[in-house]
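Before any questions on how it binds or moves, here is one chain, the form predicted on its own, in structure tokens.
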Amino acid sequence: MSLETYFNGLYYAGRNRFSVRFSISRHGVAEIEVGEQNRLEISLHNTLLDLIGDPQTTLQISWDGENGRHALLCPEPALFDTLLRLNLPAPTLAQLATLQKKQQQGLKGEQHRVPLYLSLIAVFFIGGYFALHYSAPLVADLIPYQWEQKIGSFAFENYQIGKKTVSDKSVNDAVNTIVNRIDQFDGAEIVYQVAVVDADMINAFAFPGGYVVVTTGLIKNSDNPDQVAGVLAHEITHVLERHGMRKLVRQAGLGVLIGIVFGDVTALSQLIELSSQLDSLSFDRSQERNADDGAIKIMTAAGLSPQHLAAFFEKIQKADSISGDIPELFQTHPLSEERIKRVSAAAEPKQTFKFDMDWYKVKQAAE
């Protein structure tokens, strides 16, 4: 006769394992349901009892059968209460009482371990965040230039999909002339590749590896080529300082970060997948200040007055206050009074340079 209390457990028959439901009869017989059809009865008088697991809280009832060793495993504490009510030999009941006490101690200890586990998990994630945040700049500097070129090339091509690039020679020559002037004074050995995209939004950015995009919106809203030069000098400084790569590494996560450190090429694939976000990354204040300083340095060395960049900033800020429509460029590069004042206070170049082009005609061609 069964006590009609069922327990769930695992039944091992040699190397085979089954999830089972079982009950214990008043006479100490375990009635095990193996599947829908098979039913197995084992007298507890012919079994060995022990606790297993880590912690040791699972009761193992084992015996020798026709096909080798068999075992029934159950972690449910109520099973001990059922077994201790049976008419079993005194030594068996004493052993069960000892095992029950041991199980209770193990479960109590496990309750104390849960907060510890949660604390360790929290430490892991918090530590991972800080490791990622503070090591990203260092790891970004480990990325080979060849990787940067591949990432930038993919992002450059990807950005142009579905967009119309300007084929007008006068516009492209003008932008290339501006970029070439910057190239002579940026202190980097980068061969720039430029695309002018036909779009009204005021925008420009430089991808890693020397890939530069300028919109016709920027050209049409600039008073002279020096203002475009200032914006591009700012964008190129972001690339030279690897600001975009640092953001990309942070977004890629710890796995990619570790892959970069150990030269795992799969990390490159993951960075390339994320590179489509490069044109929309926002930079923090210190990075913007750094890029402004870089733009001032390049413009001054190139004989271009930083006041042109400050004038463009002021022009855009004034337009923002009237229309409330923030240009694309400054959605990712927030403009502030402090930035304008710092650029306005920059010293003039000792020798000035003047672009030899008719900017009015360039703007007309960009229409």
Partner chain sequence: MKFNITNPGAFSTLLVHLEQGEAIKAESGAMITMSETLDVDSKMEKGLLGGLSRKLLTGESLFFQTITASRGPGEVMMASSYPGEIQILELDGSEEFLLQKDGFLAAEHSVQVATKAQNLTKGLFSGEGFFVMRISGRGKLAISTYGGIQKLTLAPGETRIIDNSHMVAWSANANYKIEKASKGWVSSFTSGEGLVCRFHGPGDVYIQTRNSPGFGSWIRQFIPTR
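Predicted model, so just to flag it, every value in this text is computed and none were measured. In this text, the rigid core denotes the largest set of C-alpha atoms whose superposition between the two forms falls within 1.5 Å. Positions refer to the first chain, counted from 1.
A second form of this protein, the form predicted in complex with the partner chain, is not displayed here; the remarks below concern that form.
Student: Residue 19: heavy atom within 4.5 Å of the partner chain in the predicted complex?
Tutor: Result yes; residue 19 sits at the interface with the partner chain in the predicted complex.
Student: Considering non-hydrogen atoms and a 4.5 Å limit, does the partner chain approach residue 341 in the predicted complex?
Tutor: No, residue 341 is distant from the partner.
Student: I'd like to know whether residue 81 contacts the partner chain in the predicted complex, with contact meaning heavy atoms within 4.5 angstroms.
Tutor: No, residue 81 sits far enough from the partner chain in the predicted complex that none of its heavy atoms falls within 4.5 Å.
Student: Does residue 26 reach the partner chain in the predicted complex, with heavy atoms at most 4.5 Å apart?
Tutor: Flag for residue 26 set to no.
Student: Can you say which of 152-160, 240-248, 88-96, 105-113 gets within 4.5 Å of the partner chain in the predicted complex, counting heavy atoms only?
Tutor: Looking at the partner contacts, the answer comes out as 105-113.
Student: Please state whether every one of the three residues 58, 69 and 118 places a non-hydrogen atom within 4.5 angstroms of the partner chain in the predicted complex.
Tutor: The answer is yes: all three residues contact the partner (heavy atom, 4.5 Å cut-off).
Student: Which pick from 194, 73, 197, 272 sits with a heavy atom within 4.5 Å of the partner chain in the predicted complex?
Tutor: Of the candidates 194, 73, 197, 272, 73 is the one lying within 4.5 Å of the partner chain in the predicted complex.
Student: With the partner chain taken in the predicted complex, which residues across 12-32 come within 4.5 angstroms through any non-hydrogen atom?
Tutor: Residues within 4.5 Å: 12, 14, 15, 17, 19.
Student: Is residue 342 one of the residues whose C-alpha moves 2 Å or more between this form and the one not shown after the core fit?
Tutor: No, because once the rigid core is superposed, the C-alpha of residue 342 moves less than 2 Å between this form and the one not shown.
Student: Does the C-alpha of residue 311 move 2 Å or more between this form and the one not shown once the rigid core is lined up?
Tutor: No, shifts by less than 2 Å.
Student: State yes or no: after fitting on the rigid core, is the Cα displacement of residue 353 between this form and the one not shown at least 2 Å?
Tutor: No, the C-alpha moves less than 2 Å.
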